[in-house]
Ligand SMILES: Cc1cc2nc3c(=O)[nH]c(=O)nc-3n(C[C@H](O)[C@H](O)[C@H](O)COP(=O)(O)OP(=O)(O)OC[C@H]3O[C@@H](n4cnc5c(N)ncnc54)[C@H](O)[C@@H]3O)c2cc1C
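Take a look at this single chain, the form predicted alone, given in structure tokens.
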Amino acid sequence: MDPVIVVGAGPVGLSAALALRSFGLPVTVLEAEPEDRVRPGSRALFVHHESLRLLDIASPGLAAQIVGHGVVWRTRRTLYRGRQVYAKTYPVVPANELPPFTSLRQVETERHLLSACKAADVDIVWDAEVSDVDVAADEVTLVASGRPLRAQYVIAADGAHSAVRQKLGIAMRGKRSDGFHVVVDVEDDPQDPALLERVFHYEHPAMDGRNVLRVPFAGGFQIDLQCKDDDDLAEFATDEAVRRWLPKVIDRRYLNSILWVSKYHYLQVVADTFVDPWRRVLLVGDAAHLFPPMGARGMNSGIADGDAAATAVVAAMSAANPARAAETIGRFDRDRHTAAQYNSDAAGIALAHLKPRSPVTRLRQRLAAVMSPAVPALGSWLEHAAYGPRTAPPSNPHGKY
């Protein structure tokens, strides 16, 4: 019997495995996809300071590798209907300090995590799709690709369609947005790179009032177009459609540098519980919650989940009795569920700001934009409200995830 099995070799599962190895536990990771899997698109772009700190504790030197690969844009710029209402350039972070974030494609973050896992002797089993889960008072039995595997504890990091969560019968509750977003990854020109700035347009004048976000990442940048609720996918989300509207928001020269086009709806859902009744299976990351991307809460909260799950499992394994062990896992459930609900609510507040239903909210935004040259705090509000509240949840006073 294994002490612990992690299901899922995405960034959350791999970070949980590293945390477990840092405590000296042997770890097996089961991944449904093959080792040569192709992971398209940028997806989760940001690794935040707190995530970097946790990863560096689990695998010293890993944060520096990720930061060395990523980029840190120092300038944030916000426009309203084509007119700048906010701009700030932050100072350079000293070389011996972790930056507030670094930006790189998720597939590259995963590559660094996978390399660290291999160096830490994490056993990764590819083509191991979980088809059944049976939990007893003292063990968990997984069936992966027809083979039964037993463990004292399981950390399920197998994503939004988590087989483990579904087999346990744990429901996800929340809502799905009406409209959709179109995401376009663009490769930068190394001979003539674009400015290393994050630029957000409220009601872009060239896009009939739709919001447009431009975010740099290592080697390129992402354009995020917020479509209206009644927009037709064919008008905005196909490759042909993107080639029509993209030159309205960035230089036409980038039309031959499109790497990936995708569309998504906002999901704002949280699992009813992050553990099974026996307190043997712990859900983390997208297996436990899905948020709108404002504030880059998804992967970063998942990394915090994974670290907390590993800490809870280690404490439970050394507990004086089964009741104490169950109490430790229950505390993980309460703390991370509270954090997830906080993140869900915070992302919902940001979404309500970006897609205001109320005429009063729209009027407030318009007035703030008009008055921002005289009252800079109003421009700052337009900048920061798009990410939701920045205070910490009650269960995690040292960080918001």
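The model shown is predicted, which means the values in this text are computed figures rather than measured ones. Sequential numbering from 1, following the sequence displayed.
FYI, the form predicted in complex with the ligand isn't displayed, but the following is about it.
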> Heavy atoms within 4.5 Å of the ligand in the model of the complex: which stretch among 311 to 319, 198 to 206, 242 to 250, 278 to 286?
Replying inline: 278 to 286
> Is Glu31 close to the ligand in the model of the complex, meaning a heavy atom pair under 4.5 Å apart or at it?
Replying inline: yes
>> Taking the ligand as it sits in the model of the complex, is Ala19 in contact with it (heavy atom to heavy atom, 4.5 Å or less)?
In response: no
> Quick one: does Val85 come within 4.5 Å of the ligand in the model of the complex, counting heavy atoms only?
Replying inline: no
> How about Ala44: is it within 4.5 Å of the ligand in the model of the complex, going by heavy atoms?
Replying inline: yes
>> Exactly one residue in Val186, Leu168, Val130, Val270 has a non-hydrogen atom within 4.5 Å of the ligand in the model of the complex; which is it?
In response: Val130
> What residues of 8 to 28, in sequence order, lie within 4.5 Å of the ligand in the model of the complex by heavy atom?
Replying inline: Gly8, Ala9, Gly10, Pro11, Val12, Gly13
